[in-house]
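The chain below stands alone, shown as structure tokens; this is the form predicted alone.
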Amino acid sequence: MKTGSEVLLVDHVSVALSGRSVLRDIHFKLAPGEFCALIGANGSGKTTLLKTILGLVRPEAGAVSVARPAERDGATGIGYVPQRISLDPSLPLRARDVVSLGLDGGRLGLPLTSRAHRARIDQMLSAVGVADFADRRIGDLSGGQQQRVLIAHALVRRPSLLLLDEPLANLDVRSTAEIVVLLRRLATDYHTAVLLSAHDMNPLLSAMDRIVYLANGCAAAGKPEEIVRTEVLSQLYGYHIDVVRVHGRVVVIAAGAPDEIHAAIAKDPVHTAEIP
């Protein structure tokens, strides 16, 4: 499918897994340098949508198009940071080795590191703020530092689109804020579209250009101020939703929701909460 100036076009995509409808008629696009948050409760289909964009899940309807970078040596279409990577502290890989695998991990045999190759790795380590830890074992780094290294690994081939599956999970408040600021800067500096999934939109409010809000197998997509509104989310969920802004945070309140929705809220109180 031919795209315009967008990097990513998700064109009315529907996905079923094991005969069960997971996503229905999802439609949105991203331009170069845009930062987009993919928001939804646990089990809403965020990871399935990312896998569909990656080509790991085939849609039953619609299509996905990703523009490959033009005039970027060795560039690729998509960089990906998966969810929940567990790194053994004894793993004999330095931070720079992990980033290097982003360049030559698919090749057989020992990699041949050229001066340009090493310069690219050093540039990315510096860009994500871990140059001082380049020669430390990856397993010895903190969660926030490991996340930065994985972002560098995904970006080292200069993709046009960067996908991140719950990169803020299990990070403390300070590390979360730092990763969000870093991704916002990288999107701008490298002209890379960023699509980041999360269940809580609040850490992302100051950074995101667009939001794709998943609920009930469907999505509402657009600018945050257009989507995070009572009438839009009520239509998306299929029952009344209140959007409350308190001290710079957004709370999505399910009022009069069915029992199964209350059960989902209890499991995921950060994303959707009830206020007495």
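Throughout, we count residues from 1 along the sequence that is shown. Nothing here was measured: the structure is a model prediction, and the numbers come from that model.
The same protein also has a form predicted in complex with a small molecule, omitted here; what follows describes it.
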Contact test in the predicted bound form: residue 238 vs the small molecule, heavy atoms, 4.5 Å
no
Whether residue 41 contacts the small molecule in the predicted bound form should be assessed with a 4.5 Å heavy atom distance threshold; does it?
yes
So, residue 22 and the small molecule: in the predicted bound form, are they within 4.5 Å at any heavy atom pair?
yes
Find out whether any non-hydrogen atom of residue 65 is located within 4.5 angstroms of the small molecule in the predicted bound form, and reply yes or no.
no
Assert contact_stretch over 204-212, 47-55, 239-247, 223-231 against the small molecule in the predicted bound form, heavy atom within 4.5 Å, equals 47-55
